[in-house]
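One chain is shown next in structure tokens, namely the form predicted on its own.
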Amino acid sequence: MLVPTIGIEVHVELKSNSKVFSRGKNDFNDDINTNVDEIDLAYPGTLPALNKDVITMAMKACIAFHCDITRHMHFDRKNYFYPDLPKGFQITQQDTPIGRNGYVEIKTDEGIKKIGIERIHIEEDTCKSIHSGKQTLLNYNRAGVPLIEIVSKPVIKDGKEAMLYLESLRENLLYLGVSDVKMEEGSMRCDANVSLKEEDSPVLGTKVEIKNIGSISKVAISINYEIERQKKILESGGKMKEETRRFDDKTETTILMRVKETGNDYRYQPEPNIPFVDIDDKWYNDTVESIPTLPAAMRDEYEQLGISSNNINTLIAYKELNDFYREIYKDIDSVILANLLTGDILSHLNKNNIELKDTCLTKENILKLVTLLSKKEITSKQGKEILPYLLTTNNSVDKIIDDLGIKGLDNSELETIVKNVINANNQSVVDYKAGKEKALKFLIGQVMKETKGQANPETLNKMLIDLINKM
């Protein structure tokens, strides 16, 4: 039986203020070829100067992914010639990567699985190639942008596991604050290596590399396609060749780019212009202390608070919402707050294609609204009426309630209305006592109609049942 063996290489751009070996600004959104200096252009006589913040950011990633840190490390030159590489070599870490032997935990159908990380190393990005007709143009803004490359061990078994692994990487890197991990902008890019072997064989199959994968979901599709393609070849008696293939978005297939006849000889050599880097205990310990709460710990905490799994995943996926949530969730009903943020508030943001900071929502107003809901002083329906005004005006909750004419019903008012509905619908009372639950829903609907939706559903339900049982 043939089984897949999959490894993934992920390149992540770090969001330092300047580039890794120059003072050039590191900003994706600036105009083309504006963030460039002499070092980025490889002018003769220029020397690289290492950005310490890049080392700290890379170290954070290594610690979060349980890697052994290389305390005494150097950089190397990876020599190859390509139009997007101004110097004719790339500065990277070949022999002394900053991190080794880490892992990421993913939750599979069979339970928790550790995906091993072979190494994490620091390197510089190349120019961005822009293809226009028969021309290829170069954007030097990306030349020298700091990268970490995260190389997994070949222990992933299918596209779903690959997707879970990448989602975990992306979440952690985002919350570490070291990268914005936007695949659509190229700040997170990944290649997948796929091979098949006989289940009992210790020898891995011939590796095929897949490039040009534009999203995490497409990684799963490309891997699953490649598994089936290789399986058909091998089961029909064919042999695999070591190839590089690209993923085609339109056909959702992999297409041959080139066959690897020989191994790449990059003629690695130590970079002579950058001294060895020593990470002392203070630097290491300060970095450990700077690491924030990460998604796995957040999930455990949110589950204990009783937040639904869907809302947990939504909160963590939308970091801006989650950051807002974490500033105030300990002071109020955290479940109601999570429901509001992941429900109507997120819907408003998506509908208007804006971020939370673009709204008028304040912590004071959301605290007030959640308190009113938790004390059942207003209904969830009334909360939904109030929210749009909190998002689009600077009015207080009390002012919005006055303007909308919203008022709560005290129990004596509600009881009078409930008794009137019961007296006017005797047959429904008889039907409910006979075991017909729909009759109770009908009565609740009548009360809500009479109260114009202002009755609290929980209070109403209990009051209605108690009064009927006393009859």
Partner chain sequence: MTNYLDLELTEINKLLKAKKIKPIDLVEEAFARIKKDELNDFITLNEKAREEAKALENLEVDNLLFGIPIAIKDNIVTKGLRTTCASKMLENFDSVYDATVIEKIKAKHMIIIGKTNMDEFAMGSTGETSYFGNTLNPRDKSRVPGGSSSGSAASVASHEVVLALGSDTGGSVRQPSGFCGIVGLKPTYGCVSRYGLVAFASSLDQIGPMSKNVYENAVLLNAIAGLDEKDLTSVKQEKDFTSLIGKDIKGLKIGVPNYYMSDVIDIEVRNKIKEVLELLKKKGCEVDYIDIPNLEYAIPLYQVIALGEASTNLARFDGVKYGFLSDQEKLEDMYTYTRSIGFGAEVKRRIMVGSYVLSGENAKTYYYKALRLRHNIVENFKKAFKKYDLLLGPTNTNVAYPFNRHLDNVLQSFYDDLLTIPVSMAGLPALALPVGFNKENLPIGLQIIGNYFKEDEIYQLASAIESELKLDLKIGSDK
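As the structure is a prediction and not an experimental result, all values here were calculated from the model. Positions refer to the first chain, counted from 1.
Just so it is clear, the following notes concern the form predicted in complex with the partner chain, a form of the same protein that is not shown.
Shown alone here, D53 lies farther than 4.5 Å from the partner chain in the predicted bound form, counting heavy atoms only.
The shortest heavy atom separation between F89 and the partner chain in the predicted bound form is within 4.5 Å.
Within 4.5 Å of some heavy atom of the partner chain in the predicted bound form lies at least one heavy atom of D265. None of the heavy atoms of V36 is located within 4.5 Å of the partner chain in the predicted bound form. Here the marked residues A42, N79 and D95 all reach the partner chain in the predicted bound form, each with a heavy atom within 4.5 angstroms.
With the partner omitted here, the stretch from 269-277, 303-311, 284-292, 319-327 that lies within 4.5 Å of the partner chain by heavy atoms in the predicted bound form is 269-277. Put simply, of P83, G177, G214, G116 only one has a heavy atom within 4.5 Å of the partner chain in the predicted bound form, and it is P83. Distance criterion of 4.5 Å from any heavy atom to the partner chain in the predicted bound form singles out A49 from the list A424, L404, A49, I32.
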